[in-house]
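Take a look at this single chain in structure tokens; it is the form predicted on its own.
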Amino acid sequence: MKELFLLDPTITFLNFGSFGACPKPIFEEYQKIQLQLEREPVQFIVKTGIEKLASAREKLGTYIGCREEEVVFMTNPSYAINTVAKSIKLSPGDEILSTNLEYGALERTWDYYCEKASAKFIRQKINLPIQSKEQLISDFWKGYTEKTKAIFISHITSATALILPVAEICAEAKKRGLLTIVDGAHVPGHIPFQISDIEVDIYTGACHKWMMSPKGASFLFVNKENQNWVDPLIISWGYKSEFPSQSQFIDYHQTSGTRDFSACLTVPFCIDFMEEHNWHSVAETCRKNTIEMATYFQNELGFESISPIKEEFLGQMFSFPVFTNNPLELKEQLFQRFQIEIPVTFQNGNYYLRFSYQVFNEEKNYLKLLNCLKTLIHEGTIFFG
């Protein structure tokens, strides 16, 4: 399936996790939609496109396991969580319980709004290496106090590429009467997932990552019980709408001024593309290959994995610790010198290399990476273990 993607063939692309990559058939549909927009922008923006958005939301809702009126398209998960964090009513001393494994941009988001309200964003330490799911859950709840108002947790972490037990954590949170907010940016199209299987109040995910849409398509799910307090970041024509729909939530959040929402309209094509190519099987194979490559890299490089190398904790990404004095130079060397696109991530004072495994990747891509790392070890640029 490599030929179905637009990626530069001279680059060994091991970083699907950051921004995904759009297959040619989906990108062609995207361009057709943009052409429709430009041929008659008024009708498209105020009528035709809005009707198509409703249809796309319905198909997305079916795919992720929620009702159409509970989900709205947004440009990215950061926009979605900013919407929630700005809306949530925090009092001085309130706490948002999270982990120390969260995405940096969203840590800053919660810091900002908590500081404005004299509340606290709690980065509860998750001990690495993780020994078991039970240990991780125990670590997390050590951060709970009587001041905890909500939990915010990643379904799959960004820097460390770990699948966290959000179903168990959300179930316990609801027993404690807490609001549950999950960042699932990496989840749709990546691991088996249905929102209805989790006791979650608010969930965001990206369509432009593992669902392979063009950039700028993500979603925010809010269950009906909480929609009344989640305000839009931008007040526009949806407020006191002259033509209200059945959902004030959709009216408020879907309309945010003039924008090109063509990427969102490709989501049905993404779902069709995955169904056509039996993506459940494709993703399962990629997850198994990730486990094999992770085990091989550990044996060859001698590092300690930050979790058991099992599907319980790993999807189609794997992060492993690397020691370097210059992480930016390391990333540049891998790209400029060896033509390998792979992120060097940072969290809690540690650096990691994170590789992704997608359908177009082959074993030789990872052997190339391994040989390049061994060259850099020999040159004294990095070390492991």
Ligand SMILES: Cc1ncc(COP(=O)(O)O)c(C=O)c1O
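Just so we're clear, the structure is a prediction, and the values are computed from it rather than from any experiment. A residue's number is simply how far along the shown sequence it sits, counting from 1.
A second form of this protein, the form predicted in complex with this ligand, is not displayed here; the remarks below concern that form.
Visitor: Indicate whether this ligand has at least one heavy atom within 4.5 Å of a heavy atom of Pro214 in the predicted complex.
Guide: Outside the cut-off, so no.
Visitor: Ser18 near this ligand in the predicted complex, any heavy atom under 4.5 Å?
Guide: Judged by the heavy-atom cut-off of 4.5 Å, Ser18 is in contact with this ligand in the predicted complex.
Visitor: May I ask you to check whether Ser78 falls inside a 4.5 Å heavy atom distance of this ligand in the predicted complex?
Guide: Yes, Ser78 sits close enough to this ligand in the predicted complex that at least one of its heavy atoms falls within 4.5 Å.
Visitor: Would His186 show up as a contact with this ligand in the predicted complex if we use heavy atoms at 4.5 Å?
Guide: Yes.
Visitor: So which of 148-156, 256-264, 120-128, 173-181 is the stretch with heavy atoms within 4.5 Å of this ligand in the predicted complex?
Guide: Looking at the other structure, the answer is 148-156.
Visitor: Check each of Val72, Val84, Ala294, Leu106 and return the one that places a heavy atom within 4.5 angstroms of this ligand in the predicted complex.
Guide: Contact with this ligand in the predicted complex is made by Leu106 alone.
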